[in-house]
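Encoded as structure tokens, the following chain is the form predicted on its own, with no partner shown.
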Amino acid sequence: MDNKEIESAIEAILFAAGEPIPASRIALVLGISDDEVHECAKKLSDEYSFNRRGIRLARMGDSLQLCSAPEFSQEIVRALERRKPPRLSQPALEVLSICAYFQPVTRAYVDQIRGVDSSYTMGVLLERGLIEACGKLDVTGRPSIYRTTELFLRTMGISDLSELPKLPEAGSDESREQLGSLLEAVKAEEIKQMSIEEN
């Protein structure tokens, strides 16, 4: 297969899937390397952006997914008569930020940082698919531990957690102030992105 055929095959697979697909799985099906898949996916992504197409190719870690272009979210919502999902509350943004930066975390750890019970808020984030349980801590009581999901990456418009803004050293005077700034950034991005999270 030449590069154009590979790009077309990747496009067809991602369109049919409608959900994130690991690049390694695509590589196996097409009989090429993971690097070739990522290279062709990058070309497709650049082409969509350059030509101002209505779709984008999103990369989340090793997975790829076709999604609608953010600038057409209003038209999509109107055309499909979908209601915007409710925006996240301030407590939900706080919990989501803590999970993103310190994952995997227990609910008790989140409670300790926030100083209040976070069980309801974590339940909301679990329902929204922004965090997920990823195992149990090997201590008395075996509490569940949580991490952010691929939907979180897609909603934030990033492909990897390393793209989150850096926080100062733990325990520094700047930490709480920096976390506050992060919450504002997350809130702004959430307002922009949450309306297209299912497209």
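Model, not experiment: these values are computed from the prediction. So that there is no doubt, residue numbering starts at 1 and follows the sequence shown.
Not pictured, yet referred to below: the form predicted in complex with a further copy of the same chain.
So in the predicted complex, does G141 come within 4.5 Å of a further copy of the same chain, heavy atom to heavy atom?
Result no; G141 lies far from a further copy of the same chain in the predicted complex.
Contact between L66 and a further copy of the same chain in the predicted complex at 4.5 Å, heavy atoms?
Judged by the heavy-atom cut-off of 4.5 Å, L66 is in contact with a further copy of the same chain in the predicted complex.
When the contact criterion is heavy atoms within 4.5 Å, does G54 count as touching a further copy of the same chain in the predicted complex?
Residue-level check for G54: yes, a contact with a further copy of the same chain.
Closest heavy atom of L30 to a further copy of the same chain in the predicted complex, within 4.5 Å or not?
L30: yes, in contact with a further copy of the same chain in the predicted complex.
Only counting heavy atoms and a 4.5 Å limit, does any residue of 1-19 reach a further copy of the same chain in the predicted complex, and if so which ones?
The stretch 1-19, when checked against a further copy of the same chain in the predicted complex, contributes M1, E5, S8, A9, E11, A12, I13, F15, A16, A17 at the 4.5 Å heavy-atom cut-off.
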